[in-house]
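Okay, here we've got a single chain as structure tokens, the form predicted alone, with questions on binding and movement later.
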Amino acid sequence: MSDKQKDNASMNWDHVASNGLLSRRHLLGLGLASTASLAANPLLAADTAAISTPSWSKVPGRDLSGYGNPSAFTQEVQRLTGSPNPLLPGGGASRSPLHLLQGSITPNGLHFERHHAGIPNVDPAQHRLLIHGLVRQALSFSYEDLLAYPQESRIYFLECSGNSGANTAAQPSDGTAASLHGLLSGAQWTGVRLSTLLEEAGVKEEASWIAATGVDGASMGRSVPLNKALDDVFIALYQNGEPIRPEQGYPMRLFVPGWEGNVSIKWLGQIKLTSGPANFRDETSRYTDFLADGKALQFTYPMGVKSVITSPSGQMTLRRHGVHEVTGLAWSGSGAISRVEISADGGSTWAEALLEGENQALALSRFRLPWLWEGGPAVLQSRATDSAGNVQPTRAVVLAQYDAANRYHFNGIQSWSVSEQGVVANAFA
């Protein structure tokens, strides 16, 4: 046994599952120095005689700016962008760097993007939102009109239905948490309840759906059942306190909490009340789930209960033996996250993680748990349970439901293998 392993063995660790998972109480005061003596961690041992004043403390800093920018030393914290497709001008996605972030709110500049025909440059002074169809009176709203209505703020996650689809492949790809699961973000959204506007228009009795379309080059359109539209759907005007950005639908977008991201139509231009779904191109040729029996499901809107460990995660390397914090995100389109469990042995044993914050419904929840890694192989997993009692399924269970060609609504448990060298990689366990 090495000296470091002897130090770890001598400490009063409270193990809660096999392969090194520790009690949540060890998160208090957790640090590199807690895993062994300072002598075993020479980088932590400070030479007080060598303390000096750095150059940036000797001169004034830069002037004020009209809009803040990240530090020049954090340039690696960027969205993961794909290569342009000449066959689909403006189409594609960029992914949030989940493994480089903390908390549960995604900065606006790092919120994931998904576009079908690029980002239109919409002039709010010329833009109108039309509500028509099965209503007593058609109404047209300018951006300024909507700003005059009472605003409400809510924290919600947003996830593309194709998120994590790479894990439906036959072999695991060597990806990061961003490349595999980065079509996911969390934000505070502010806007006007759609029910308020529909009440003014007067919904006719025969109406049972709304058909929403955007003013982008793809004329993206999706159908939403009227009962959902009258419940918690709203017209988003702000994101994390500032006007929503062009890539998120400026000047206004539909926001449908808990449902697949493409339903939250960006650059919203029309809402038509109808007696049935519109069967837009993007809800027939796309965004349908191919089942194992050869059939296909339409309008599978809610996102399933799901979680992912963001650290340690794919393409990371553990540089030291000792205690590490296992952390990640959990979410569900059916309610709040009530529990997240962690396994370090590929699902044989589990330990309950600490959930941070108020654990709001339809929002991202951050979880944490300490893990003592002493250099052996491991398979890290997380498993979420929501307030409706739904438990995140294994990859095998999800795949059994669908045809091999299906890439939507994958919410299977993510496995990260850890080698004896500390290399973390995507794995199918």
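Since we're looking at a predicted model, the values are computed, not measured. Numbers follow the displayed sequence, beginning with 1.
Beyond what is shown, the protein has a form predicted in complex with a small molecule; the following relates to that form.
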> Does the 4.5 Å heavy atom contact test between residue 216 and the small molecule in the model of the complex come out positive?
Replying inline: yes
> Does residue 232 reach the small molecule in the model of the complex, with heavy atoms at most 4.5 Å apart?
Replying inline: no
>> Taking the small molecule as it sits in the model of the complex, is residue 220 near enough to touch it, meaning that at least one heavy atom pair lies within 4.5 angstroms?
In response: yes
>> Is it the case that residue 261, even though its partner is missing from this view, gets within 4.5 Å of the small molecule in the model of the complex, heavy atoms only?
In response: yes
>> So, a 4.5 angstroms cut-off on heavy atom distances: do all three of 112, 115 and 287 pass it with respect to the small molecule in the model of the complex?
In response: yes
> Of the options 351, 203, 316, 160, which one has a non-hydrogen atom that comes within 4.5 Å of the small molecule in the model of the complex?
Replying inline: 160
> Just one of 167, 190, 248, 179 has a heavy atom within 4.5 angstroms of the small molecule in the model of the complex, so which one?
Replying inline: 248
>> Given a 4.5 Å cut-off on heavy atoms, tell me which of 191-199, 321-329, 292-300, 208-216 is the interface stretch with the small molecule in the model of the complex.
In response: 208-216
